[in-house]
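What follows is a single chain, given as structure tokens, in the form predicted on its own.
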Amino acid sequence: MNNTVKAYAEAAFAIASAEGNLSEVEDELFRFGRILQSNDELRETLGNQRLPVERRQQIVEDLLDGKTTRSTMAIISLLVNVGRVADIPKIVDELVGRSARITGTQVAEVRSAVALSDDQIAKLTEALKARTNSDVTVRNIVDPKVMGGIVTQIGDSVLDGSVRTRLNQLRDAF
């Protein structure tokens, strides 16, 4: 892992911890990182060094205003300001991993066609906790490629309960 990525992740961790909202900031940064990964136009615009940094930061503010904590907005603005937009997903992954190691939890990335409700996330968290015998934090990623159901990744393990996979299994069975 790049030392610069680790340093930014540690700084983000320290900021969120000091503000007392680590879990919330971690979740917001995780979501922003995944959106950035899947949106070429946003990634290119925020990373475009020919655009004035003030303009790029205004885009961040317009996108996130009222939707994230001030800590999250400040961290993302800082990363845009110092030209680290391409590293945001790696920084977020390092931050999430650092937090998980400290708290002794595992992070489950759950992809679904629509956002899961709080109740669904709570039930899924309990089921994954029982399956893995450890505390689990669920990070829901809305992914239109998932036609229905969910795809869950915990570390190297993938649990694919998507409709597409089930249809393929049925097709292969006949």
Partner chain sequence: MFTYLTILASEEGNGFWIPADIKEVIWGTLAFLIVVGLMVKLTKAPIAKYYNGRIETITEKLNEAEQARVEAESERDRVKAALADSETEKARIISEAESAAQVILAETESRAAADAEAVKQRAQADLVAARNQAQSDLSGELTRLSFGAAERVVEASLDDAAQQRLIDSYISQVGSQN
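For clarity, a rigid core is taken as the largest C-alpha set superposing within 1.5 Å between two forms. If you're wondering where the values come from, they're calculated on a predicted model, not measured in any experiment. Numbering follows the first chain given and starts at 1.
A second form of this protein, the form predicted together with its partner chain, is not displayed here; the remarks below concern that form.
Judged by heavy atoms within 4.5 Å of its partner chain in the model of the complex, the contact stretch among the candidates 29 to 37, 45 to 53, 61 to 69, 140 to 148 is 140 to 148. The candidate spot formed by V5, I15 and A18 lies out of contact with its partner chain in the model of the complex, as no residue has a heavy atom within 4.5 Å of it.
Residue contact check for G155: none of its heavy atoms lie within 4.5 Å of its partner chain in the model of the complex. Within 4.5 Å of some heavy atom of its partner chain in the model of the complex lies at least one heavy atom of Q120. Proximity of A11 to its partner chain in the model of the complex falls outside the 4.5 Å heavy atom cutoff. Proximity of L128 to its partner chain in the model of the complex: non-hydrogen atoms within 4.5 Å are present. Scanning 29 to 64 for heavy atoms within 4.5 Å of its partner chain in the model of the complex gives no residues at all. For A7, the Cα coordinates differ by under 2 angstroms between this form and the one not shown after the core has been superposed.
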